[in-house]
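The chain below stands alone, shown as structure tokens; this is the form predicted on its own.
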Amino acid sequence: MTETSLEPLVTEVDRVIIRFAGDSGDGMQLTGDRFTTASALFGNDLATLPEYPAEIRAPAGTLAGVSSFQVHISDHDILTPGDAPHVLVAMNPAALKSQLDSVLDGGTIIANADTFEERNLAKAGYAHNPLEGDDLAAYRVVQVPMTSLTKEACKDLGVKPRDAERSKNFFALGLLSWMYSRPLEPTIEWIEAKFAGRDLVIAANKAAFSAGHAYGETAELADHRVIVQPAELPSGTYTNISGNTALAWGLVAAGHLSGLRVFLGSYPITPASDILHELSKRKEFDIATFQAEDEIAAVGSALGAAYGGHLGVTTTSGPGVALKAETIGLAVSLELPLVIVNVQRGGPSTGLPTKTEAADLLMALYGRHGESPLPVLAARTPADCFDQAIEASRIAIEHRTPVMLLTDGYLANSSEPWLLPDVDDLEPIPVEFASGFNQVDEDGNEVFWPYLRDEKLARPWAIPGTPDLMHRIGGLEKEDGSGSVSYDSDNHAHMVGIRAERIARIPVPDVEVTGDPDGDLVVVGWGSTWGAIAGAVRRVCGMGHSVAHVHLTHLNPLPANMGEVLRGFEKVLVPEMNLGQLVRLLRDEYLVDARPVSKVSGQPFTAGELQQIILGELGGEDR
């Protein structure tokens, strides 16, 4: 951090990373979200990393129940939630113990001193109170009795002490808002709107928030007070958006651009459920949502909607994709537009439902029986989920094919400022339904052939009930053109080839090379590794090294120039949140010596760890 004097007792810094941590019932996600919103309204660039406990109701005060929210705010363009927090807000001993190793040496720890009593210390595995003695000598420690001060602030409001205690997260938010010069009005307005009609809750939360802010002013914490100025961002209207919300809005936009009704058939599953929640609130845009009884019913309903002329969508995570596989294969055979969203999480099986991973790439490419290719895309940032939802819908509609869009738990729950696009600038998605006969049979009669192909090898999309267009589709092999059921071996071989060729023909943009295109080393990534890779390459190039970065959005078909680009580098490094799935694809497709950098801990890469790996590959730390 660089520091300059802004005004007496206030220090200006160019960025700060703060992590809020506490029990799953302490409201850390809400606290982090409100601090983030205030920072976004202030004009900072930012990136967030929420982390949820895997146990739904882990015992209070235990390590398994810790929930955290990290936010990185800056006065300049940033790419990740940060390598390590400068500040840790620890609401109990378990939060301190589970998060301490991530805090920078010399960083600040703000602890709710009221919770560091014998019972909670034992639950966290402490033999003694770490706030006493030299355990935290490497850090600046601020002990604040948040619980008791919150109760004191609420005692004259008629709020029961137990209910008042629930507002201690707003005390912490008020304190941090003072320390980092965040505006107060957005939080106060949010409290009044969120809890409208619950006057005691509003009063308690506002009192706790004000008490926390006042504590900062009166507790001789002036040397802790800093400000991060607004970032210089392109002009326009911004909102703070998560990946799941951006993806939902992208589907809404795709419906508008195509003129089709969007139908979402979904079964709730972490971390994809928020897409269903968001779209269910958007009926004014002609969005239909169906919460199915299981994953198979969800994808079946979406495919049925596509057959009926709608934009069929189904959302899930890895376990759900496995259950949907047979119906996705049916969609390949039917050659109907269908968007399958896979918000990846740690596996196999139930695995780590609240942690991130990107290990479903090979399943997306090959995880169906028979030869059943389909386009695969991956979003790279929370905001990019909007663009890729539109792109997936465009490919599905124009090429009459199911498309799989990959995100992950990190993208789904993280957020960043997003410049709202002008809808008029978005490219329309043309839709042409079959409207009449398209073939003459051997007797000279006009007929409709459902598998008569255009120049894209796409078949006509005929809505059931259209006069004269009665036709048969289904899972049995079809005769090309007529659509009649065919068991002929030559026809089957032809149809297998056609299904592969029509996906291979889909035009996708060439990959772009960033960093130093003339270097010896290229770092290749896909999905949410983009921020960490781009940040690491930026740092390494700033040290005088020559390193390039290529990031894939279209994973099937791959960009036409990919092989030429890779063969221009001596070394190819591929960071992935799996054990090397893209590496296998690149080796197989282009015969290059791609080397994996794997991380499967349920955590995203940081720019710092990739920086060290790249430097090690280059054989030095500096030039």
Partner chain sequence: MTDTLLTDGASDEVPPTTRADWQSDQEVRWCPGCGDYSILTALQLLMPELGARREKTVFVSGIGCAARFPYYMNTYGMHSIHGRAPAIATGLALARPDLDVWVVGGDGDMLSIGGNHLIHALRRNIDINILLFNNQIYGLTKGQFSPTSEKGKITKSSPVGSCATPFNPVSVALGAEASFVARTHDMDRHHMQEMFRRSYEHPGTSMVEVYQNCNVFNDGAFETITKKAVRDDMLIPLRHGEPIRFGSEGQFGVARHDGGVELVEVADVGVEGLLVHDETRPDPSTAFALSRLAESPDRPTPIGVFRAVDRGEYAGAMNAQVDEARAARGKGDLHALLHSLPTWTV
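Numbering follows the first chain given and starts at 1. None of the values given here were measured: they were computed from a predicted structure.
Another form exists, predicted in complex with its partner chain; not displayed. Remarks below refer to it.
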Answer yes if any heavy atom of Phe285 is within 4.5 Å of a heavy atom of its partner chain in the predicted bound form; otherwise answer no.
yes
Can you tell me if Tyr52 lies within 4.5 angstroms of its partner chain in the predicted bound form, counting non-hydrogen atoms only?
yes
Given that its partner chain is not shown alongside this chain, does Pro596 nevertheless sit within 4.5 Å of it in the predicted bound form, heavy atom to heavy atom?
no
Can any non-hydrogen atom of Glu326 be found within 4.5 angstroms of its partner chain in the predicted bound form?
yes
Check all three, Ala64, Thr350 and Ile463, heavy atom within 4.5 Å of its partner chain in the predicted bound form:
yes
May I ask you to choose, among Gly158, Pro430, Gly544, Gly236, the residue with a heavy atom within 4.5 Å of its partner chain in the predicted bound form?
Gly236
Considering non-hydrogen atoms and a 4.5 Å limit, which listed residue (Leu452, Ile296, Ile227, Leu221) is close to its partner chain in the predicted bound form?
Ile296
Stretch in contact, per heavy atom within 4.5 angstroms of its partner chain in the predicted bound form, of 545 to 553, 391 to 399, 470 to 478, 106 to 114:
470 to 478
